[in-house]
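As structure tokens, one chain now follows by itself in the form predicted alone.
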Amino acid sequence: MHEELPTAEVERQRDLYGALAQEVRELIDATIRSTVDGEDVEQARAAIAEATARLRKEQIPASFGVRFNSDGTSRPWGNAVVGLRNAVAPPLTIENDPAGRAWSSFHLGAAYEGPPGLVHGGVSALLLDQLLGEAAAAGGKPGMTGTLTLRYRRGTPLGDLRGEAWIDRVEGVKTIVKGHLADADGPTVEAEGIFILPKWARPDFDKHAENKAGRSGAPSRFE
């Protein structure tokens, strides 16, 4: 979605809504771990209900999506992994390079627990799907997740973690990406994903492939 905003306004909203989402993350953690009872819980619930009603006064009609400026700056602020405004997201700050690599260091607290003291396996899959997809895009091979295969080597402890991903190979419209999550003792979950260039993005790819096939005298074949 195109939504043209001056840089100063983007930064203002980043600071404003980013701080709000962070407070909600703190609220989620406090809700899980609180031992207060009775009146304190009722007062907190009433305050939360009031805050929710205040925020509901003006709402966009659907999900946040990804918003772009004409300079290509994107704001995926509703994303469940990197979303600045999404209190479900840790959020991850993902770095990348054009070689097709992506990485992030982050902290997961009580909201992401599965087995006691460990990260939920589905959360690991969620984070790795995002990391692998961003590695593919960074290497100029963006795509939608076709398959995601994970190997859980051992439990991933809650706390400080690091994720890494890299393009392993490219096969036509498919980009195969590998990665892992790790704690201080090394990888805990390994992943391999196949990312497929969507049909709407293929015209230039198909034209290039046809030209290449024509020069070689062999028919082109894409899955």
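The model shown is predicted, which means the values in this text are computed figures rather than measured ones. All residue numbers refer to positions in the sequence shown, first residue = 1.
Form predicted together with another copy of the chain: not shown, discussed below.
K.L.:
Is Gln43 a contact residue for another copy of the chain in the predicted complex, using a 4.5 Å heavy atom cut-off?
P.N.:
Flag for Gln43 set to yes.
K.L.:
Indicate whether Asp29 is a 4.5 Å heavy atom neighbour of another copy of the chain in the predicted complex.
P.N.:
So Asp29 counts as contacting another copy of the chain.
K.L.:
Report whether the minimum heavy atom distance between Pro157 and another copy of the chain in the predicted complex is within 4.5 Å.
P.N.:
So Pro157 does not count as contacting another copy of the chain.
K.L.:
Considering non-hydrogen atoms and a 4.5 Å limit, does another copy of the chain approach Ala138 in the predicted complex?
P.N.:
Contact check for Ala138: no, nothing within 4.5 Å of another copy of the chain in the predicted complex.
K.L.:
Can you list, in sequence order, the residues from 54-69 that come within 4.5 Å of another copy of the chain in the predicted complex, counting heavy atoms only?
P.N.:
Contacting residues: Arg54, Leu55, Arg56, Lys57, Glu58, Gln59, Ile60, Pro61, Ala62, Ser63, Phe64, Gly65, Val66.
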